[in-house]
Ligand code: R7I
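Take a look at this single chain in structure tokens; it is the form predicted on its own.
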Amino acid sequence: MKVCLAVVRGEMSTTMNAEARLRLSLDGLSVGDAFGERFFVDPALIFQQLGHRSMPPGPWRYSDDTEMALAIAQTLLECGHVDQDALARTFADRYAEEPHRGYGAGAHRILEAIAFETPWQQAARLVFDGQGSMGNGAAMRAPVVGAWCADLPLEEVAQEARRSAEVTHAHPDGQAGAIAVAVAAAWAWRSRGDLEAGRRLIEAAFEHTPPGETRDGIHKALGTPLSASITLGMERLGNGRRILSSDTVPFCLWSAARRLESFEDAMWQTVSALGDRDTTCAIVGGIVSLFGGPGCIPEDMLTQRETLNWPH
């Protein structure tokens, strides 16, 4: 197990600015996404690789999870906050440039509509009979919001997360997933160095998540011991198989809380639950990297991930 020495020794710098935190979380999210994606690409090797922790062959291509997080990061750097009109344009522009990143059917419909100048407020309601999506797509990109806003009160983190979600997820529970993940990411940054922070991370997310199925699932996560098996955890909390916020986010918070001190351990335990494994690993990676800080992501994982389409 690789433990982040900066955490153990209490040497984590407190001077990282919002951009540095954002880039750190984006690395964790994208490595997690690309790592998890490999277990879809080569399913015959899943149990062999999981049993021996045999790294999948590279390069690791990232999915729409990372692509949409990149759009949020770009908007935050350009605007300083979640400007929803700018974010909608950036989502659509990046989608048009690379539409084959694994977007779901609902995302295709929404982003194509925005690209053809449908206002995002209308486009986000084109799915599920006008209710909007309650899927995990807003949550998967939310760690970067928490990273950027980590110095703000958690109420403000939650507000920015909701704004980032509303552009594509009109349903309140789709927004709730983004809020929970962003708050957890901000909390992970604030708690770095505290190896007892796991349960409090879930509590912080629960406190700021609005009522609904996702919050109910987070409540179940609070009642699931961090020492429980991954099998029990996914049976109680889900593993993203239904692609919903409510069956993805509670498990991700619980999985991150179990292994905040080790990015590599967090990835292996999360992917072992299978389900929507690129998204669960992306969410967990974006959170755990903030707790661990620079150097926490193993170099052999970073170098396997394809180069981000992102200004360096």
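We number the residues from 1 along the sequence you see. All figures in this text were calculated on a predicted structure; none of them were measured in a lab.
Below: the form predicted in complex with the ligand, not depicted.
Engineer: Under a 4.5 angstroms heavy atom criterion, identify the one residue in K220, R199, R242, R125 near the ligand in the model of the complex.
Structural biologist: By the 4.5 Å heavy-atom cutoff, the listed residue in contact is R242.
Engineer: Heavy atom within 4.5 Å of the ligand in the model of the complex: which of A107, L154, A86, M234?
Structural biologist: Going through each option in turn, the one that passes is A107.
Engineer: Do all of D64, G102 and G137 end up near the ligand in the model of the complex, with near meaning a heavy atom within 4.5 Å?
Structural biologist: Judged in the model of the complex, D64, G102 and G137 all sit within 4.5 Å of the ligand.
Engineer: Looking at 256-264, 273-281, 22-30, 53-61, which one sits within 4.5 Å of the ligand in the model of the complex if you count heavy atoms only?
Structural biologist: So the stretch in question is 273-281.
Engineer: Would G238 show up as a contact with the ligand in the model of the complex if we use heavy atoms at 4.5 Å?
Structural biologist: G238: no, not in contact with the ligand in the model of the complex.
Engineer: At 4.5 Å between heavy atoms, is T75 in contact with the ligand in the model of the complex?
Structural biologist: Output for T75 is no: heavy atoms all beyond 4.5 Å of the ligand.
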